[in-house]
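What follows is a single chain, given as structure tokens, in the form predicted alone.
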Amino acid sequence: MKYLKQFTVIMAVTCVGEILKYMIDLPVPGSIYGLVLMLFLLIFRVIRLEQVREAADLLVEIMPVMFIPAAVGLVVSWEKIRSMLIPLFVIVPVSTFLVMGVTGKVTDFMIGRKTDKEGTQ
């Protein structure tokens, strides 16, 4: 029953994100609105982390399975993708390393900030 309540909270925030997509005339997916909304709800403690932690952990654990349909879609679209192979072989590694680097720097910054607040180093 705990998972059902947690999934309901996550799905409700996602649904509000989809509604925002239609209300705000920007080319931003509804899922992004939902993620930003969830972030603000967690920051301002409208939703406590304990209210969604287990369901969120489960979703993160099964995330690789969610990429299978996208990979199958790439195989089906092979003829369209073949003409763009060289740019893809450049863009994908560069963007992957860029995201890894930025994520690492942000994580270092956040850990350093937390350490500074606690007064230990």
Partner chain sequence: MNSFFVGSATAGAVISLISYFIGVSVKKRWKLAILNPLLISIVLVIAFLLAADIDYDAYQSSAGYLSYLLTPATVSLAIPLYRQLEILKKNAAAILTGIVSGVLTSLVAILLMAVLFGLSHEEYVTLLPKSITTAIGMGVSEELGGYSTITAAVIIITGVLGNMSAEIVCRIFRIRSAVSRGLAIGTASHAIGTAKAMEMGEVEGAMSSLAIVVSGLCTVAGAAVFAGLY
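Under this definition, the rigid core comprises the largest set of C-alpha atoms superposing within 1.5 Å between the forms. Numbering follows the first chain given and starts at 1. Model, not experiment: these values are computed from the prediction.
Same protein, other form: the form predicted in complex with its partner chain, not shown, and the subject of what follows.
In the model of the complex, at least one heavy atom of K114 sits within 4.5 Å of its partner chain. Looking at Y22, you'd find every heavy atom of it more than 4.5 angstroms from its partner chain in the model of the complex. Contacts to its partner chain in the model of the complex (heavy atom within 4.5 Å) from stretch 17 to 39: E18, P27, V28, P29, S31, I32, G34, L35, V36, M38, L39. With a cut-off of 2 Å and the rigid core superposed, T96 has a Cα displacement that reaches or exceeds the cut-off between the shown form and the other one.
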